[in-house]
Every structure is written in structure tokens, then in C-alpha cells.
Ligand code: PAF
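Coming up is one lone chain in C-alpha cells, specifically the form predicted alone.
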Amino acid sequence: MLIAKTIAEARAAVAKLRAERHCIGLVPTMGAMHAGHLSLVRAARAHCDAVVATIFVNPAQFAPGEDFAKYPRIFEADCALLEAEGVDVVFAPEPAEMYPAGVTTVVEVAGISDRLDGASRPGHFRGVATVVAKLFNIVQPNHAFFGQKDAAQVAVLRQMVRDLNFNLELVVCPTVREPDGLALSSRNRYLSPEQRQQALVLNRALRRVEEKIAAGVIDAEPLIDLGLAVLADEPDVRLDYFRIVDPDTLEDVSDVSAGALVAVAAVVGPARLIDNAVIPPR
């Protein structure tokens, strides 16, 4: 496995892979690997001839006061896991490599970037879209792999891919969970045992709403009320949002009959956590 630290090294490595093989898969990450990341790598290996993973804690998507400085960085352990999964190239640049002095261009996916996480983290999706666009241009993959847990991010990036005519397929893989239902996240490392138990309320609220939908309830308002009632069982969990939205536009929907995304974000102890459930059309 080759580790590339510069854009030039990454481009040269990918050019060599492309000359030897046809299809390149990209798995962008911020490191602190868990089974969710590795599921993306395995999906990329199943779809593609070669896999490029990135490890880059992107400062542009963190607001002042967020956890950029303390975000877990375990580069050697991450590389060992990626190598064991058969990754061909790891691109791990420093911030100055991705954002050298004088860079002023950003990618703003208007409208959709201000919804869900974008509403409570202004500028977050601008930072995500900018760095992902740069990675797409550097690697030029045939397929790029992201997790369903980051559904709002996926919606923003899908719009960006359409609008900017990126010649790639964005592949969304299922959320990976612990046996008790907690969605895997690098930020789960921040939780104490008690806080981890409290965090289970996010998934519990989603499951209760899914059960009501399966029983025939389609109106969004009572479904949201149910989710909020479940979340209220854990008063130490500080809710950011519990919404039912269109999975493509992230705009609120009045009912789920045409399909919907039930999305939740909350702060548990020191960690801001997200989760969601996809509701298929009736």
C-alpha cells in the first residue's frame, strides 16, 4: 500500500493504477477508522479494480469552537486497517497541501447546504463540498463511497456531482451499527459508558417512528411528536433536530407516502451525533 502525502504523489499513484487497471474507487475519510469506514472500503473493492482511501481531518468543515483540535488522529493504526483491507493508495495530505496560501475558491451548494446540519453548523457543508470536489479532481475516481449515516452530506454531494458534471458515481452504503443499534461514529470515542447508553435514544426514536409508519401512519407531524417524546426520555441528551425531510432536497415533508428521510442530531456529553432512517415510498 502506497501512502501519498502530496497531491502530485497521489496523482502519480492513481495514474499508475489507472494504467494497470480500469476502475478506481475512492473512499474519503477523516481517519479514526471503525467498521463503518471499512464497510465502505469493502464495497469499493467489490465494485472497483483499485481503491484509494483518503485520511484528512478537514479544517474547513469545522466551525470555531468545534472539535477540530481534539478530533481523533490515529494514522498508523488507520493505515494498518486499510492495508489489511487491500487498499492500494492512502492519500493523507497536510492542511497546507490542500489549502495553500492564496487559495480563495470554495464550493457552495446553495439552499440544501443550509438545511439539517447546515442550519446548526453554518459553513459546514461548504467545507465538505470544497474538500470533496478537490479530492474528486485529484483522484478522478469512477466511483466514490459514502455512508448512509451522513445522509445530509450525501444529499449535498449528490447535488454537487450533478451541478458540476463530475464523471463519477456516488455510491451510498448502509449505516453500520453496534449490536445495540448505536450508529458507528469516530465521535463515539468521546462518550463515557453512561453517555453511550444515553446515545441509544437516537436510534430508539428512529425505530419507534419506523414502527408507526409500518403500522400505517404517514402524516409527519404525529411521527415527529413521537420521536420527540422518545428523545425526551433522556433529558441529558441535547437535541439539535428531529425532522422528516425529502432525502434529496432535505426540505420538510408533510407525509412519508412518497418516501422520506427521518433524521436526528443531538449532543451527548461532548459528542454531537447524527443518525437517520430511510423510509421507502409506499
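Please read all numbers here as calculations on a predicted model, not as lab measurements. Don't overthink the numbering: it's just position in the shown sequence, from 1.
Beyond the structure shown, there is the form predicted together with this ligand, which is absent from this document and is the topic of what follows.
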Position in contact with this ligand when the complex is considered in the predicted bound form, options Val209, Val89, Val132, Ala155, heavy atoms within 4.5 Å: Val132
Position in contact with this ligand when the complex is considered in the predicted bound form, options Asp150, Glu97, Asp78, Glu85, heavy atoms within 4.5 Å: Asp150
Stretch in contact, per heavy atom within 4.5 angstroms of this ligand in the predicted bound form, of 22 to 30, 41 to 49, 224 to 232, 246 to 254: 22 to 30
Non-hydrogen atom contact Phe146 with this ligand in the predicted bound form at 4.5 angstroms: yes
Touches this ligand in the predicted bound form: Val128 (any heavy atom, 4.5 Å): yes
